[in-house]
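In the block that follows, a single chain appears as structure tokens, in the form predicted alone.
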Amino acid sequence: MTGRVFEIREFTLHDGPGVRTTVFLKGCPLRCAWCHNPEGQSFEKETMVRKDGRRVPCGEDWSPEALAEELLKNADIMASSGGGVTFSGGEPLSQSDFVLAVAALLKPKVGVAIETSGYAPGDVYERVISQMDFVYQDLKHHDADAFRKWCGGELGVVLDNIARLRRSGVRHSLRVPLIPGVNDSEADRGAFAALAGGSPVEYLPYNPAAGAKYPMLGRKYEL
């Protein structure tokens, strides 16, 4: 078994409790118009070409054992802060078997968390979150038509999985990326709060640099 990763970022502070290492996995079934990791959308290996002409490969294949060994280099620091490893993307649930294999190797030494859109079959979602210490669950829009327009998927899939998350008892927080003119009105916030059903909700500010990577991939930032 191998998994495809496009970045490993050490000493992150906003991807879960304590000091963490975040693993960004390739591949996502959604196409959110504001995506700030477009290099994580495709499952294929890609190359980003920076303004200075430097070519940066995006996508490296790892075995679970090799990746776990790499991630545990800072295990003492992470463990002492109550931190660990966070799986992100792309959409890490799209490589669920690989994530579970790596998590099993990490859990004896550090905590594990996941950042997910929740866009996956219910059985896959339940299997993965059951092995996580913490889940960051995205909630990108509250309206099915708007979700289809801006993200390219069906909102019901996400809402069903959020219900599974609440029933699971796993510690979690819902994260809403606030996108100007898309989901950032007071009415939108009220609708998000209603959907959350008592789960904690974090509102994330729009990243104005989100479109900078698209030209490096030969793509246009549509938003």
Partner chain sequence: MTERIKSLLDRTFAKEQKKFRRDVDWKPLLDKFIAEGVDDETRARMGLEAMLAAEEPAFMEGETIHFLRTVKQIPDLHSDAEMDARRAAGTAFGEKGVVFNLTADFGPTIAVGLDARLDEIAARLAKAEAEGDAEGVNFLRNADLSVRAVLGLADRYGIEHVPHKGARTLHEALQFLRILHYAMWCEGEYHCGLGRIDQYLFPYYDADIKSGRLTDEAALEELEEFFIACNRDSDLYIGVQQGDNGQSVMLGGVTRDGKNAFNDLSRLCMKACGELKLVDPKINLRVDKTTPLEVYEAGTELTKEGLGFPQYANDDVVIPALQKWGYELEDARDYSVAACWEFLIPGVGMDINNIDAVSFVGSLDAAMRGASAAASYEDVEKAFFGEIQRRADALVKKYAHVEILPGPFVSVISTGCVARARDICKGAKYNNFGIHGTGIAVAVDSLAALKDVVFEKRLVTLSELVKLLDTDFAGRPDVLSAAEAAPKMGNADPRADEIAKRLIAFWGHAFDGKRNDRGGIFRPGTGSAMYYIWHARDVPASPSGRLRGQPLSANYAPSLDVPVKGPISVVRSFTEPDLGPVCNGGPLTIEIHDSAFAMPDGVTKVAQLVKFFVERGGHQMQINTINRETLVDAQKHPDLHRHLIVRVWGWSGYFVELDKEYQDQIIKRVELCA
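Positions refer to the first chain, counted from 1. Everything numeric here is computed off the predicted structure, so don't read it as measured data.
One more form of this protein, predicted together with its partner chain, exists but is not displayed; see below.
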Distance check, E69 to its partner chain in the predicted complex, heavy atom within 4.5 Å: no
Exercise: R55 in contact with its partner chain in the predicted complex, heavy atom 4.5 Å: no
Exercise: P200 in contact with its partner chain in the predicted complex, heavy atom 4.5 Å: no
Partner contact for H36 in the predicted complex: its partner chain, 4.5 angstroms, heavy atom: yes
In the predicted complex, the one of L30, L155, I179, V170 near its partner chain [non-hydrogen atom within 4.5 angstroms]: I179
Interface stretch in the predicted complex with its partner chain - options 147-155, 102-110, 70-78, 127-135, non-hydrogen atom within 4.5 Å: 70-78
Stretch 194-223 - residues with a heavy atom within 4.5 Å of its partner chain in the predicted complex: L204, P205, Y206, N207, P208, A209, A210, G211, A212, K213, P215, M216
